[in-house]
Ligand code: COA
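Presented below, as structure tokens, is a lone chain in the form predicted alone.
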């Protein structure tokens, strides 16, 4: 999945429109975009949308961002939406694998209660929204078979740090947020799950978005979160492997399959080794 679009869970109109956004995954939000007084209404609206949208042909994946585990609201969120069978959940302010394991246990109970397939509900964790969470980015490995990806976010982190801004005058992330970004990439690689880049808040600046997408893909991120439907096409185009890349990856894999005992193979006059094989396999898993 290349693009993850946030959609407020309390807006039936925006939820309906999001189905045609082109996003690979929708994040139906019960957290930051919903006022405390509107939480229950948002749960009801989101659950109704899930029930209707699950049968739509060619639909995006449907993930629900629940409230973080410290709020005491997660059980109410799960009780409201799990019966409708979301494809996954987004866990905000996750502090390492322990929080993922905690949420996974809560989900397993509800899958059984609502006769859903065991393990069907995946989890995407946002792992950098507090200073404490930064120190736990190396702890996601083995937390749960449900873990599908780790994302990073700089807005909540800047609030937790008391920072005036998270970008400099050029629009580039400052050092604390570049560190969070790098550690997210390392943590996701260690856990063998997708690394998902943060949102680009200047949603009308599509050239700036494209630049940030290219840099993220260059470094190893495979997807990016979006806050506006207009951002989706740029994200999808940037993170989609080209036909040439796909063909090259398949050629590398084919060459190693024909020489299973070799650590190095020759393709088009170039020597290719195991790291190239791993990169090719990872690229094809994104299709």
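Numbering follows the first chain given and starts at 1. Keep in mind that what you see is a predicted model, and the values were worked out from it rather than measured.
The same protein has a further form, the form predicted in complex with the named molecule, not shown here; the description that follows concerns it.
*For the chain seen here without its partner, which of 233-241, 252-260, 35-43, 220-228 has a heavy atom within 4.5 Å of the named molecule in the predicted complex?*
Looking at the partner contacts, the answer comes out as 220-228.
_Site test, 93, 152 and 173 vs the named molecule in the predicted complex, non-hydrogen atom cutoff 4.5 Å_ = No residue of the spot touches the named molecule in the predicted complex.
*asked:* Please determine whether residue 276 contacts the named molecule in the predicted complex, using a 4.5 Å cut-off between heavy atoms.
replied: Heavy-atom contact with the named molecule at 4.5 Å: absent for residue 276.
*Examine residue 203 and determine whether its closest non-hydrogen atom to the named molecule in the predicted complex is within 4.5 angstroms.*
So residue 203 counts as contacting the named molecule.
*Answer for residue 5 alone: is it within 4.5 Å of the named molecule in the predicted complex, judged on heavy atom distances?*
Within the cut-off, so yes.
_Contact test in the predicted complex: residue 29 vs the named molecule, heavy atoms, 4.5 Å_ = Although the named molecule is absent here, residue 29 would touch it in the predicted complex, with heavy atoms inside 4.5 Å.
*Out of 10-29, which residues reach within 4.5 Å of the named molecule in the predicted complex, heavy atoms considered?*
Stretch hits, in order: 13, 14, 17, 18, 29.
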